[in-house]
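Take a look at this single chain in structure tokens; it is the form predicted on its own.
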Amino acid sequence: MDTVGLRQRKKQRTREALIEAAVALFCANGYDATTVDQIAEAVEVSPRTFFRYFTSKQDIALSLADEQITAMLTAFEAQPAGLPVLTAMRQAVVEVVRAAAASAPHGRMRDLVSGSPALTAARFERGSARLDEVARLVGARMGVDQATDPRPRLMAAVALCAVPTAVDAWRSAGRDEPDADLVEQAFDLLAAGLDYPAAEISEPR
């Protein structure tokens, strides 16, 4: 058991070192100009070893975002059973985003992904691929079957797509609040309802 634990810890350290090296190289040279060979060389491993951990350069660039989704699901499932779905989802997402804010690699990788249309599109594609996973957890909290009730899947889409889109847009518009604060504002707007009234149009005289 000790040998297995040591091996797992070594693998985790190698994975973290590859992510840190990738972040540094992406920030220094740009995502497009950075190669897998350069990332592997920075950690003193072979490209073959790199591919034991990640399938591509894009995969490592989005790895921290993937980890955030997994952490969000764990936090959501751990929320008290009596909490309404939107409240539980809000608390879980804010908890994970606040924790990520304390990690320098998370912040730099977030900026990298947000600044690249290709990576942003890939991030949403990967998030969408986990809609069923999120919807199952939402359905379980609501006590409904997500296969026949559309509400869990709608909530999953809000958490994985709508909220990150709003935060990215606000960030691009120059808002400099912490991501967790922007996430809370997005959930506040959702909780208040989105059926906003249309502008009044004066009748021509």
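Rigid core (definition): largest C-alpha set, two forms, superposition within 1.5 Å. Here the structure is a predicted model, which is why all the values come from computation and not from measurement. All residue numbers refer to positions in the sequence shown, first residue = 1.
The following text describes the form predicted together with the DNA, which does not appear among the structures shown.
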{"query": "4.5 Å heavy atom contact, R175 to the DNA in the predicted bound form", "finding": "no"}
{"query": "Residue contact check: E44 to the DNA in the predicted bound form, 4.5 Å heavy atom", "finding": "yes"}
{"query": "In the predicted bound form, C161 touching the DNA (heavy atom, 4.5 Å)", "finding": "no"}
{"query": "Close approach of T34 to the DNA in the predicted bound form, 4.5 Å, heavy atom", "finding": "yes"}
{"query": "Contacting member of R136, R171, K57, R151, with respect to the DNA in the predicted bound form [4.5 Å, heavy atom]", "finding": "K57"}
{"query": "Region of this chain that lies against the DNA in the predicted bound form, out of 66-74, 141-149, 175-183, 47-55 [heavy atom, 4.5 Å]", "finding": "47-55"}
{"query": "Core-aligned CA displacement of R175 at least 2 Å between the shown form and the other one", "finding": "no"}
{"query": "Core superposition between the shown form and the other one, C-alpha change of T49 at least 2 Å", "finding": "yes"}
